[in-house]
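Just one chain follows, in the form predicted alone, and it is written as structure tokens.
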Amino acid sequence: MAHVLVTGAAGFIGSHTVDQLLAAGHTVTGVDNFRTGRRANLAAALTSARCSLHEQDVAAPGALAALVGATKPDAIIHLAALVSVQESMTNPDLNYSLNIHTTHLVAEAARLNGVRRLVFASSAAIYGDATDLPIRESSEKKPISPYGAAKLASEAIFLGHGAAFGITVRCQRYFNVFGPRQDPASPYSGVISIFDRRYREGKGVTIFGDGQQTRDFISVHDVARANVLAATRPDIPSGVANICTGRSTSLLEVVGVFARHYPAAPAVVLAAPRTGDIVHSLGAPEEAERALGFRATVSVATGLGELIAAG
């Protein structure tokens, strides 16, 4: 069994990753500064003797290196980040600090302390408004936000450290992740969690466009499983992989599932498309299966059903 340090452990994806690491028998050291993470997300995990949590800012110089030196993990899963495309545009300096400089600090903490595996939470945002679908790892990288650019730069930082210092690096390019614990109150939240909140409140939803725009929605349970594989599966190579389902789902299909559960809710409102919105996004999942043995198994309908039932 492995000892894995998880940054951003109390966040949406982080807490699910911690849960699955523990369920698989691993030991977890969690790190979070609670800027967006919630201690309640780790309530069950922290009942385990194999899980510890450190309230710490990964961006603080020397702090993570000291913790890694003290705990000696086998792998680091780096999930702590500025998680919003919109916020990266309103505050590019913060985006640089949390999404590029912090990457360097994590890579150095691994190098200085002999950590042999790094897993990085990258994003499909590195591809920008790709029109050649499905998007493959070799597709052109044209980020259209500071967030996407920072994720692409961070991949290079980690892969460069890996090649230079003998560290296995896995960059996980997440597509549209959804599921329990995603904060619907945040203006930067995913569309599914926003829809979920609106329906729970008895309100209708507005779709900007005709509703035929599609996304590759992937359950957070699948994403967490991909993270566990990347951190603990023996004898895997360094590289990048889309973490996606390879299946398109339209926003009208998503709304249809909610409408069946909330028949009294107001009808969906279609509004004018917003400038810059991506119309279609779909990932190619084959590389993750080849390199990690990972294939998404949770359907959108099943994942939505779980999310709705959790309320």
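It should be emphasised that the depicted structure is a prediction, and the values quoted were computed from it without experimental measurement. Numbering starts at 1 and runs along the sequence shown.
Beyond the structure shown, there is the form predicted together with a small molecule, which is absent from this document and is the topic of what follows.
Student: In the predicted bound form, does Val268 come within 4.5 Å of the small molecule, counting heavy atoms only?
Tutor: Residue-level check for Val268: no, no contact with the small molecule.
Student: Decide whether Ala80 counts as a contact residue for the small molecule in the predicted bound form under a heavy atom distance cut-off of 4.5 Å.
Tutor: Contact with the small molecule, yes.
Student: My question is simply whether Gly37 lines the interface with the small molecule in the predicted bound form - judged by any non-hydrogen atom within 4.5 Å.
Tutor: Contact with the small molecule, yes.
Student: Answer for Tyr96 alone: is it within 4.5 Å of the small molecule in the predicted bound form, judged on heavy atom distances?
Tutor: No, no contact at 4.5 Å.
Student: With the partner removed from view, which of 277 to 285, 259 to 267, 56 to 64, 245 to 253 is the stretch that lies within 4.5 Å of the small molecule in the predicted bound form, judged by heavy atom distances?
Tutor: Of the options, only 56 to 64 has residues within 4.5 Å of the partner.
Student: Could you check which residue among Ser219, Ser88, Ser123, Thr103 gets a heavy atom within 4.5 Å of the small molecule in the predicted bound form?
Tutor: Selected option: Ser123.
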